[in-house]
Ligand SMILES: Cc1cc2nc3c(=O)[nH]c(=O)nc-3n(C[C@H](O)[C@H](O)[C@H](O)COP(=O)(O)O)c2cc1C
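One chain is shown next in structure tokens, namely the form predicted alone.
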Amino acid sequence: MNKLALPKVSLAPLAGITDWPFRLLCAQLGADETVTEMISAQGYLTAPKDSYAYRDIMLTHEGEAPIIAQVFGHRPEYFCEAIRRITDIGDYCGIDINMGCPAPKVTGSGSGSALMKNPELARQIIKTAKGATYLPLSVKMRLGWDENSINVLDFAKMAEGEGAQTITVHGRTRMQQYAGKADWDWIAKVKQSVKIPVIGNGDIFSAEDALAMLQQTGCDGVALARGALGNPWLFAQIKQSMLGRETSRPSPEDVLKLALHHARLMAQWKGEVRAVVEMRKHFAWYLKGMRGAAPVRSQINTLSTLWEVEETLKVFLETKPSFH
């Protein structure tokens, strides 16, 4: 299928999600590699040292899998200095340039997937980044800006030519955001057009999805994003399936036990009040698919202490919930 005996299974970056507690859980449950939230090249250089942009996004944990720092922006000069400094920190095993984020606040400045409309600027950024680090350099991209301007093949070849050592392709255009279905055929075409490893991304929500993408595209690995939300066990399930082994779904009790562990990690880091608030979205994902979970999700959104959350989940477990 491809040159790797076992294709890489990675955690893709998600803004506001892939902080170190979540990355740590994914690493412990089988992720070969994780990626930071997006780091603004300009923000990193200009933000106050105690700001979230400078501090929290950059934090790592010693128990994590190899971590890649993902950087975004639209000015090559900022990339050069930011990547040089990030490299010097010594915590990361690679640098990834985000040329795929579809968020309006990112594309509005000409960053993220907006760079696919400006291949020459993208080329300058990749070239500049390559010269600023000794770490492996990768680029994440989409298929193009919209269905009338799909340019991923030329874009991937350009990235390879400027020194990118890996490419991650999300099988949607920017205008699709996350709607519709990811077009894996384009990922296959990219894999056939470049010599460097290609990682497939988009619509991987199960081990079966991952195996289907690998088979259809011949890509060198998969990157999970939304599929890992509330289900970090997916990394191990994919690996088991690659080996032809049976996979098992964690019980509701195991899911909620991990959710509470996740919350405690957040509390150790950010304090209990902030952790409980930030964990609300995660609890919703962990509870997804459990019968009778809707009122529990609503109740958790009103709570402010971990003790209250633990008691609420304890009562819920006494109802012996199951998955749909």
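For every residue, the number given is its place in the sequence shown, counted from 1. Predicted, not measured: the structure shown is a model, and the values here were computed from it.
The next section is about a form of this same protein that is not shown, the form predicted together with this ligand.
Heavy atoms within 4.5 Å of this ligand in the predicted complex are found in one stretch of 201 to 209, 81 to 89, 119 to 127, 155 to 163, which is 201 to 209.
Looking at Ala12, you'd find a heavy atom of it within 4.5 angstroms of this ligand in the predicted complex.
This ligand is not drawn, but in the predicted complex it has no heavy atom within 4.5 Å of Thr34. At the 4.5 Å threshold, heavy atoms of Leu224 reach this ligand in the predicted complex.
Though the partner is left out of this view, Ile17 does reach within 4.5 Å of this ligand in the predicted complex, counting heavy atoms only. Proximity to this ligand in the predicted complex, defined as a heavy atom within 4.5 Å, singles out one entry of Met279, Ala293, Ile68, Met38, which is Met38. The contact residue chosen from Thr173, Thr217, Asn98, Asn231 relative to this ligand in the predicted complex is Asn98, the criterion being a non-hydrogen atom within 4.5 angstroms. In the predicted complex, Lys140 is the single residue of 124 to 159 with at least one heavy atom within 4.5 Å of this ligand.
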